[in-house]
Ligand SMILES: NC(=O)c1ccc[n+]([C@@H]2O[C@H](COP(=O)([O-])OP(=O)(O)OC[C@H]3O[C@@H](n4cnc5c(N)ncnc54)[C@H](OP(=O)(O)O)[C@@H]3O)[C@@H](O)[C@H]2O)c1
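Shown next as structure tokens: one chain only, the form predicted on its own.
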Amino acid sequence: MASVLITGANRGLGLEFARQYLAKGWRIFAACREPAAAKALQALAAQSDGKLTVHALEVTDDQAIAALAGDLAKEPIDVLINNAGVNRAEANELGLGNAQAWLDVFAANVVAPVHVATAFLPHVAKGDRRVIATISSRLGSIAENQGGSYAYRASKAAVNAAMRSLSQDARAKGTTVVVLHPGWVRTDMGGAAAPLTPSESIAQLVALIDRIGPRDNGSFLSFDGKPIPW
């Protein structure tokens, strides 16, 4: 049975990833900060006949990452989806802003996915698919930067660079590393004006991940499979 580890699986894109991979019959390790409060995810787990399990993970806590990696040490993971991330409005405007908000964004959007990917690289290397996919954003494209969203853009550009580095180091383990843009999606972060529903975005992302192979290593791709300029 193919397996996937999803961070930030309690809501939005992460929850929809869990739903759609469960519908495909995969084994799902669904990680989130507060499992007891993740009612929709817990309901999904209860209906999954044991295929979906919920795991506590604060992605900015290295000890928590190491603990979960240890708990799942014997589990091969075909696909790791680094989905957890944050945005802070107070760090996105021009000006001095809030330094701590910037640090919070970088901790969650850059450091955390790198540390999660590093901790679970051995698990992914034991899987059949061997794919690490980090949910980034087109806003992280330097070539397409039109201003604004300072901390968020910067964090996504930084995680893109880090994952590009990881793609080179993970190649020796036969693992493919990509960064993916989910589109502008109607979630708590995306807002009500977004044109895509989570179901529409994730259906295309799941299909894209299914097609990803070694030739795509180090790529920055949109949900529709089109390359995005760095």
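Since the structure is predicted, the reported quantities are computational estimates derived from the model, not experimental observations. Start at 1 with the first residue shown and count on from there.
Another form, the form predicted in complex with the named molecule, is not on view; read the next lines as being about it.
Colleague: Run the contact test on 60, 85 and 135 with a 4.5 Å heavy atom cut-off to the named molecule in the model of the complex and return yes or no.
Modeller: Yes.
Colleague: So in the model of the complex, is the named molecule close enough to residue 156 to count as touching (4.5 Å, heavy atoms)?
Modeller: So residue 156 counts as contacting the named molecule.
Colleague: Although the partner isn't part of this model, could you tell me whether residue 13 comes within 4.5 Å of the named molecule in the model of the complex, counting any heavy atom of the residue?
Modeller: Contact check for residue 13: yes, within 4.5 Å of the named molecule in the model of the complex.
Colleague: Indicate whether the named molecule has at least one heavy atom within 4.5 Å of a heavy atom of residue 55 in the model of the complex.
Modeller: Heavy-atom contact with the named molecule at 4.5 Å: absent for residue 55.
Colleague: Classify residue 26 as contacting or not contacting the named molecule in the model of the complex by the rule of any non-hydrogen atom within 4.5 angstroms, answering yes or no.
Modeller: Residue 26: no contact with the named molecule in the model of the complex.
Colleague: Of these, 46-54, 162-170, 64-72, 181-189, which stretch puts a heavy atom within 4.5 angstroms of the named molecule in the model of the complex?
Modeller: Contact criterion met by 181-189 only.
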